[in-house]
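Take a look at this single chain in C-alpha cells; it is the form predicted alone.
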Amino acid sequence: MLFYSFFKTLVGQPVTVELKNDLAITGVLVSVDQFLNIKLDNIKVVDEERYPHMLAVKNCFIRGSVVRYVQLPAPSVDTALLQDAARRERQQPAAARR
C-alpha cells in the first residue's frame, strides 16, 4: 500500500512511465488504483520515430503489470516521508498488513 499511497500524492504531476515492451510515455498522472494501474493525460511518446502510431493518442490507461519503471520529477519526491512511511509499515504486525 505504500506505493499506492505515494502515487496518489502525485496526481496532477508529470511522470514518465516505461513499459516492459520498451515504450516510454510521458504525461500528467490523472489517477492510480490499488493495482498500480495508471491513467495519463496529455501524453507524448519519448521515441516518436519508433512508435509513430502513438502520435494521435492523447490519453491512456496503463495496466500496472506492464510497467517497468515510473520516472518522477525530483521535487515531487520527499525521501524523508517515504523512509518514515516504510519504517512504520515494517513495524506493523504481519496480520495488520494483510
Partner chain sequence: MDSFQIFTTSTSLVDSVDKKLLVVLRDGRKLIGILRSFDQFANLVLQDTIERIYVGDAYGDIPRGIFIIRGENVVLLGEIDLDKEDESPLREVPVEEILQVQREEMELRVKREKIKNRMLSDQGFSVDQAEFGDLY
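What you see is a predicted model, and the numbers here were worked out from it, not measured in a lab. Numbering follows the first chain given and starts at 1.
One more form of this protein exists, namely the form predicted in complex with its partner chain; it is left out here, but the text below deals with it.
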Taking heavy atoms and a 4.5 Å cut-off, does Leu19 contact its partner chain in the predicted bound form? yes
Decide whether Ile62 counts as a contact residue for its partner chain in the predicted bound form under a heavy atom distance cut-off of 4.5 Å. yes
Indicate whether Asp47 is a 4.5 Å heavy atom neighbour of its partner chain in the predicted bound form. no
Should Val28 be classed as touching its partner chain in the predicted bound form when contacts are defined as heavy atoms within 4.5 Å? no
For a quick check, can you give me the residues of 54 to 70 that have a heavy atom within 4.5 Å of its partner chain in the predicted bound form? Met54, Leu55, Ala56, Val57, Lys58, Asn59, Cys60, Phe61, Ile62, Arg63, Val66
